[in-house]
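This document starts with one chain, in the form predicted on its own, laid out as structure tokens.
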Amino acid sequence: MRRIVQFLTVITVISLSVCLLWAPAPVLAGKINLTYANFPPAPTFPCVQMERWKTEVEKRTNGAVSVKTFPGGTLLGAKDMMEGVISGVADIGCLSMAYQPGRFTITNAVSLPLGLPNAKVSSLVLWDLYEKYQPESFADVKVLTMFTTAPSNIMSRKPIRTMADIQGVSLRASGGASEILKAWGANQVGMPMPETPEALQKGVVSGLFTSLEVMKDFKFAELCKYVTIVETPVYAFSVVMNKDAWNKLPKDVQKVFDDLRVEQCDWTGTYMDNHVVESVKWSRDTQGVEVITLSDAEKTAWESKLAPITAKWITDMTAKGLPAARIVEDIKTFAKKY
């Protein structure tokens, strides 16, 4: 009888081991509800990446995590995003670091005119830069991912074919682009992107200086019938999470979030680059937008105006105690890697 019991015990243990080995991953315990704030309208690329991240998180946690998204500034505005996440108004927020250039000095260095070729490379470079320097400006949040726009170009109501054409022209731009426009002789007007269509209609600005997906996403092609290709700079974004909300997450959920950090950089950059191509085609085909390419002589003249910007940034930031020259070299090195 004892042998029979022992035999049955062994069989039970083996059966349980086989079941555990082949059983699907368990659904994470408990329901976790998170809020995610974003400032531009839902069709724009920062919100498209937000919805992709939400979908992946909910799928990879087997539905244990639910993310409610708030596009269009419905929970937090563009300039309130960082403080709103820190204070817990939203669990997660997407912010444009260009709106606070003095706060995000190291990560905004990708906005220097350094020839970053596209959004995918720029996004991965930005993440490497954050990882290496761990800026103090992010000490109060958990960083979930980072990404950039595609390189910026000029969208205007009148054609800009030469440097003479841009003199005194008022263009909406943010962050480090102000120095670039100043070098070219234009006037920079700072404002959040959602306010720009009205500013164009009222003549407050004559165009804008940013990446070209906005021609379709914000329907700027209906107002700006000319695009001048200059391909600089990119703008940096970050997705951050409230520290307390992060610390309350189970370890397996934290791992899902961490596994998405670089993947989301890559995905968003790739999406952005493809979307720019689509937006330019839409602008040409449906809105009659003319895309202007500078002559070789003009291109050389425009680019020659930008070298002093990086040199000045290195001098100024070194005086503030930052390893500015090393940061610039790191950006160039990271870019070559990708």
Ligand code: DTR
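Here the structure is a predicted model, which means the values were calculated and not measured. Position 1 is the first residue in the sequence shown; the rest follow in order.
As for the form predicted together with the ligand, it is not shown, yet the points below apply to it.
Engineer: What I'd like checked is whether W53, G93 and S238 together line the ligand in the predicted bound form, meaning each has a non-hydrogen atom within 4.5 Å of it.
Structural biologist: Spot residues vs the ligand: no contact at all.
Engineer: Since only the chain is shown here, I'm wondering whether F218 would be in contact with the ligand in the predicted bound form (any heavy atom pair within 4.5 Å).
Structural biologist: So F218 counts as contacting the ligand.
Engineer: So in the predicted bound form, does any heavy atom of L144 sit within 4.5 Å of the ligand?
Structural biologist: So L144 does not count as contacting the ligand.
Engineer: Within 4.5 Å, heavy atoms only: does W127 come near the ligand in the predicted bound form?
Structural biologist: Outside the cut-off, so no.
Engineer: Does the ligand get within 4.5 angstroms of any non-hydrogen atom of F39 in the predicted bound form?
Structural biologist: F39 belongs to the contact set for the ligand.
Engineer: Just one of 282-290, 42-50, 308-316, 65-73 has residues with a heavy atom within 4.5 Å of the ligand in the predicted bound form, so point it out.
Structural biologist: Heavy-atom contact with the partner occurs in 42-50.
Engineer: Give me the residue from M82, L181, V214, V121 that has a heavy atom within 4.5 Å of the ligand in the predicted bound form.
Structural biologist: It is V214 that has a heavy atom within 4.5 Å of the partner.
Engineer: The ligand isn't shown here, but in the predicted bound form which of M193, C224, V253, I166 has a heavy atom within 4.5 Å of it?
Structural biologist: Contact with the ligand in the predicted bound form is made by M193 alone.
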